[in-house]
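The chain that follows stands alone, in the form predicted alone, written as structure tokens.
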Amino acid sequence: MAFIGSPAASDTLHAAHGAKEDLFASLLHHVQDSHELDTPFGHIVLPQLPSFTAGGITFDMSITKHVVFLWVAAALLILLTGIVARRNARRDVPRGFGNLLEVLIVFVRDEIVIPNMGTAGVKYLPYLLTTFFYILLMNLLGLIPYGASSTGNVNVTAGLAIIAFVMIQAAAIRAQGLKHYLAHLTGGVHWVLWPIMIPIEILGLFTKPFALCIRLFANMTGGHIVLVSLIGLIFIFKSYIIAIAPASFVVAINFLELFVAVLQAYIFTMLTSLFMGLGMQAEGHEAAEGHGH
């Protein structure tokens, strides 16, 4: 029998604490990126590429789990949309999965693009549709066994946000012209205030995609961490009675995660189209105000 404060009791507490840390590390391994793929037949070690340093920053170009599921989502997107496009071209009325896909396409066009960007935004529909379906597929892949959600990696959401930033600025420049686009950075104030206003306006250009990046990353990561925490309770208490409650919550949260997967794809696409629309319509609003005066 070990008394509290004795070396034996201290070793027991340290061992128990270490076991819990190992447990959570093992569970979080399925949420974090790694150089291994989990399969029913064991772990597959992914190829490692040599890293290089540029400007004092080390770049590791090795293939990771999230990179693999990026490729899987892209392949699925190309395959499914290609099959549906061919089938719908042969039918007057789409059926089955083709009908579902057409409903989603019409929804993005009529409920996201046109309300935020006007009819002029329809030419950007291919980009916004690709964004919506690509994010949706990446989100859903994280809900299948042995899958991983690439959008739970901030590098992936940062890449999506950078592309969105480029498209937002390109749409604004195309609609306003480069001269008018640069002029709006002054905020329309007296030139004396330009040193203050221009940095603020430039900072505002980057806060929008930054918000897109963090929102998608945090929402997709948060749900998986909650699931891992609930499953961890089963191993901590080691009781069949306690396991009933966490298992029930895990099932409920999985359904919630399914809704969140669709919702986050919608929010990212909707906000991107909104920011693009604001830049495209800026000239029209200013022209209308000038005509009113």
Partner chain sequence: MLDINPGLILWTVITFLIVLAILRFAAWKPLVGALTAREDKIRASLQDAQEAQQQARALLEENRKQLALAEEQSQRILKEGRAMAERLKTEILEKADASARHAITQAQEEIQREKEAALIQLRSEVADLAILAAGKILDANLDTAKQRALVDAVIRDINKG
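Computed from a predicted structure; not experimentally measured. Positions refer to the first chain, counted from 1.
There is another form of this protein, the form predicted in complex with its partner chain, and it is not shown here; the text below is about that form.
For its partner chain in the predicted bound form, the listed stretch (37-45, 256-264, 240-248, 66-74) containing residues with heavy atoms inside 4.5 Å is 66-74. Under a 4.5 angstroms non-hydrogen atom cutoff, its partner chain in the predicted bound form has N155 among its neighbouring residues. In the predicted bound form, its partner chain lies within 4.5 Å of some heavy atom of E102. In the predicted bound form, its partner chain sits within 4.5 Å of a heavy atom of R109. Among residues of the shown chain, T58 is one whose heavy atoms approach its partner chain to within 4.5 Å in the predicted bound form. Contact with its partner chain in the predicted bound form, defined as a heavy atom within 4.5 Å, is made by all three of Q32, T81 and G159.
Put simply, of I144, I200, V192, A85 only one has a heavy atom within 4.5 Å of its partner chain in the predicted bound form, and it is A85. Checked against its partner chain in the predicted bound form, the candidates L185, A170, I163, L140 yield a single residue with a heavy atom inside 4.5 Å, and that residue is I163.
Residues F217, T221 of 210-224 are found to place at least one heavy atom within 4.5 Å of its partner chain in the predicted bound form.
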